[in-house]
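What follows is one chain in structure tokens, specifically the form predicted on its own.
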Amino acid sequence: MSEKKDVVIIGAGPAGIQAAIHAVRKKCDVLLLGRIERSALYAAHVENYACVDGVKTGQELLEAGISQVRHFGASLMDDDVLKIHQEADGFSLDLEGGSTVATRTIIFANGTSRKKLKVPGEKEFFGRGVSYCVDCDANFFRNATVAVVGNASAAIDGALTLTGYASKVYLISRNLVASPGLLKKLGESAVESVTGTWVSEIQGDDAVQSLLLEDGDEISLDGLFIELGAKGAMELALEIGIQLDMDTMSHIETNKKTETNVAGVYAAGDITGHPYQMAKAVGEGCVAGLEAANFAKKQKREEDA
């Protein structure tokens, strides 16, 4: 095991990158774990971030952020975390490459790992008509025909949101389950529900053009939003007793300092809940980086005393 890090950040999206920048500038030994391609921002286009004019690709923003992290002196690894252990004086993380990293603090910034449809065309058209974030990409589908696929409240909420942008919105579900109030809103909306079937293939040339459904029907459209819920990051958090948001059980509960219920563990970005926006992720990443750095430096002083 290598020398103990002050701060390990899991996730190389906007929250993780901002946390790394602030923590390393506080003279901490920082390790950023993750791949920018895994970030929900990577294939998105951003036009609503303050002080950044015009439309920027998520890829170019993330690559610029990684350059900053390197410039300020943080370490980077693209290994996934397999398991987290809570120790008497911090934490240890088992990485996919076989190494173990010890750290005084952890920042969860690995977003929400959205479930995939696992159908032909999904991977090929990601960022070219296929999206996993209505809040991020709805504005790019103004006056277009779109569909949302999913069986629960996230899919309904996404479809309702899209009615304010798109000219036509379909909601595709096998068996829609949600609160009566939300189902009532759906019934009163302009969303066209297609129930009892599922997407079997996403079709198109350079971008999405149509969906083939399991029942044999085909829908012509410009975009598909996949809203199947979130998983992945929660499993790591639960291993060390991190408390989840009691309303959704799909996000990490934090306070205004981005602290979790476990001392020395922080969370920032999509993993803490809506809105799934770059501005929120960067703001929380800033707070988490500063708070984790202060915690680690205090712990280090106590160890040296």
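Computed from a predicted structure; not experimentally measured. Residue positions are given as counts along the sequence shown, with the first one as 1.
Absent from the display: the form predicted in complex with another copy of the chain. The rest refers to it.
Contact annotation: residue 236 falls outside 4.5 Å of another copy of the chain in the predicted bound form, judged by heavy atom distances. Among heavy atoms of residue 289, none comes within 4.5 Å of another copy of the chain in the predicted bound form.
When another copy of the chain is considered in the predicted bound form, residue 246 lies well away from it, no heavy atom lying within 4.5 Å. Within this chain, residue 118 is remote from the site of another copy of the chain in the predicted bound form, having no heavy atom within 4.5 Å. Of the residues given (242, 61, 40, 31), 61 alone sits with a heavy atom within 4.5 Å of another copy of the chain in the predicted bound form. Annotation: in the predicted bound form, residues 26, 49 and 52 each come within 4.5 Å of another copy of the chain through at least one heavy atom.
Considering another copy of the chain in the predicted bound form, the lone stretch of 148-156, 193-201, 96-104, 162-170 in range is 162-170 [heavy atom distance within 4.5 Å]. In the predicted bound form, another copy of the chain lies within 4.5 angstroms of at least one heavy atom of each of the following residues of 277-292: 277, 278, 279, 280, 282, 283, 286, 287, 290, in sequence order.
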